[in-house]
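Next up: a single chain in structure tokens, the form predicted on its own.
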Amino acid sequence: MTSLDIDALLSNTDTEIIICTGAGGVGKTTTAAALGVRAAELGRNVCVLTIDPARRLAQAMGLTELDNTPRPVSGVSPGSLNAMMLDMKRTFDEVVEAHADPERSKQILENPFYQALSSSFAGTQEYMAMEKLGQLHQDDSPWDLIIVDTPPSRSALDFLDAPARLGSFLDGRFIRILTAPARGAGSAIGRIAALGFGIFTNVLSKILGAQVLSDIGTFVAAIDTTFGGFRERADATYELLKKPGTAFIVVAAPERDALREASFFVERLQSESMPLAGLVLNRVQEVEAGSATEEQITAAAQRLRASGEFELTASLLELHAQRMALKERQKHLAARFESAHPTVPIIAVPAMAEDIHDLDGLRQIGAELADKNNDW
């Protein structure tokens, strides 16, 4: 197994963006925060963009809250660390405000369809994560490293696919159809198009309801005359993700579904020539090595129980045997991943005894990430 050299990656000043991705619930956010702390203590000026972190993680970085503005984290040197939590609606609002005059901006922001789109439309969170990354990665940025914790999507691939889908929707045929009558209303062809559009909208109003359709039409008319290029913006950030200064770290737990998801994502990155740094295999089971096998320990526990004595000792032996069995299952799953992807560097991070609740806990995770001897 090729070991992932985290310190080399973090210390390399050519590394400007690190994307932590993987299935939900595998520890991406904690990994991103731990990488941020370690990078800052290696001398980098870091901004960590998190998505929906647990309250305890914000507290671990010494922050009472995270919002859409980077906040400095104290107690980290010689570099610096800032952290923020993506507010997808606020980020969408900022895009509108940056491209529209105050009157047009107010019209868009108050539109019911826009409010639904910016709050809960499928793909909006992933699109706005890319928007925010683009905002943070400017020539005059105070950070030389940005670490992104990707959204907790149903699939890790959503981070790559959803922005393009949303961009295609906002720049696509449906939007052009809705805005066509307004653009061509003064011509004979425009009047014919408007007649056809009327039939089309009558059908839509039966499906969606007249008010919803009216809200969509008002939103489209306002946004079409103000700014466009949603797909182009998504494509530009997508190209940024392909540059040599970007590194993807896939995070997975040693579980069948999580590693299957990681495998899909690795194959996607490789097929599109995106810079994959390696895999973090998180929360692996550690068991002290000994001469006794799992079967021998289980048999000893059974003998103690049969004797009617030493119940506590028998319970401890059974627990130890269960952990040995879990470790073997995890090793088997990791070996299958490694066999399928022999060129992908891997680092294993042991399961922590308790939740991370302070900077020292994040430092401990960072040290485990950097320990190239963490193998099985």
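Nothing here was measured: the structure is a model prediction, and the numbers come from that model. Numbering starts at 1 and runs along the sequence shown.
In what follows, reference is made to the form predicted in complex with a small molecule, a form of this protein that is not presented.
**Request:** Counting only non-hydrogen atoms, choose the one of 345-353, 37-45, 64-72, 322-330 that falls within 4.5 Å of the small molecule in the predicted bound form.
**Result:** Selected stretch: 345-353.
**Item:** Of 233, 132, 283, 89, the one that lies within 4.5 Å of the small molecule in the predicted bound form (heavy atoms)
**Value:** Answer to the contact question: 283.
**Asked** With the small molecule left out of view, which of 359, 17, 23, 9 would have a heavy atom within 4.5 Å of it in the predicted bound form?
**Response** Of the candidates 359, 17, 23, 9, 23 is the one lying within 4.5 Å of the small molecule in the predicted bound form.
**Prompt:** Would residue 50 sit within 4.5 Å of the small molecule in the predicted bound form, counting heavy atoms only?
**Reply:** No, residue 50 sits far enough from the small molecule in the predicted bound form that none of its heavy atoms falls within 4.5 Å.
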